[in-house]
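Given as structure tokens, the chain that follows is alone and in the form predicted alone.
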């Protein structure tokens, strides 16, 4: 295993002098950095290669695949967005079973459930002391129910992480649109973060509309962030927050070139620095800029940037056309093949996939949704069952072992050298493959800008597939090729490339 020590450039030393880094064990790596005023583009690119995730961001990224549960008063009014004027008595599921939700997510390979504890209508799925517009005013369990508690306990049973979605917009609360509402919201946030055990993610969106008094609220996000950091310090804050950004669409498809290290404004970097004495990377700021742009982190953007930060992408999409359950959409559930395409286009493009499974009026994830989801999992299991690279007979033309690249551990890796950025290997027997999996050691930065995967046809190397960024994970699909000799060639890299996991596979015919 090659763990070559890299020599720090003068520019990197300047970076260390101006950037606090409490979370990382060495001063070489930071979660964000401001560029010196006289830094060249090449120096900025190298600095960006040494920006890494915080522990909470890394733990979040490793989940890869999580479950969104959109459930509430909208489920019973057959609407996507409520009004805040609904009768709480409408919330009356006949067979609600959060264990079914959690088992479905677990069986599908998901690692966490994110629950819409309160959507924009203001209806709370727990008996909040701040409002009467909640399950406490519904006939469900005689007004004694607490759906947040039920979901948290079901997650614990299945070994899943638990996350909360809390909408700052509240169409029902009379104080919305006044400074007093920020107190109300903080109190609701505190209830969620202190009554249900560990919360691994807090999810905000940016919706801000009128309340009952016709006014809009000025959200005190910095205060919200500080409450989360105090009460649940290991929770990531997404996607109106400092830890995780929205990919920019709700289609399920990420960018072909997805950088987790992106330019940050001078204001954001200053706020990060101001909080660094307490905890590096807190970053009490609102996301800025066009996060839907095709290019968020290229060298061309770094040239004009003031600095960079680790800000990874989350792809959210629903298994149905809508986010809430509608009986009319029972025949419009995404097919297993469509879900697989989304899998390759999100998890396979350096993003986390948040897939919505909206329970129905019974309080169950519908049979059609479960069937499609489980077929997706079954087919993907077949595709990735055999890694043709992972055999004792595989001969690698480098001082790295096969086990280092198949142990599901980022910190064991192949490293390029000054003379070669080629990872070549020979199998004991020919194999026909059409899927490639590659991961970078992001604990030491995202570095690879472009690469090519080639096979030996008996007389020369032939391109099978090519890609740009890798990051935590890159999956490529390509036409089947047959050979016993293959290689990855890193064409461009911001620093010495480090490949931590690698695999070649043959897709199931059902894909």
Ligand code: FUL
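Only a predicted model underlies this, so the values are computations on that prediction, with no experimental measurement involved. Residue numbers count along the first chain shown, from 1.
Omitted from view is the form predicted together with ligand FUL, to which the following refers.
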4.5 Å heavy atom contact, residue 414 to ligand FUL in the predicted bound form | no
So in the predicted bound form, does any heavy atom of residue 221 sit within 4.5 Å of ligand FUL?
-> no
Just to confirm, residue 314 within 4.5 Å of ligand FUL in the predicted bound form by heavy atoms?
-> no
Report yes if any heavy atom of residue 472 sits within 4.5 Å of a heavy atom of ligand FUL in the predicted bound form; otherwise report no.
-> no
Report the stretch among 433 to 441, 136 to 144, 112 to 120, 178 to 186 that approaches ligand FUL in the predicted bound form to within 4.5 Å, counting heavy atoms only.
-> 112 to 120
In this chain shown alone, the residue from 388, 165, 384, 253 with a heavy atom within 4.5 Å of ligand FUL in the predicted bound form is 165
Which one, 344, 76, 425, 323, lies within 4.5 Å of ligand FUL in the predicted bound form by heavy atoms?
-> 323
Across 202 to 229, the residues having a non-hydrogen atom within 4.5 Å of ligand FUL in the predicted bound form turn out to be 203, 205, 207
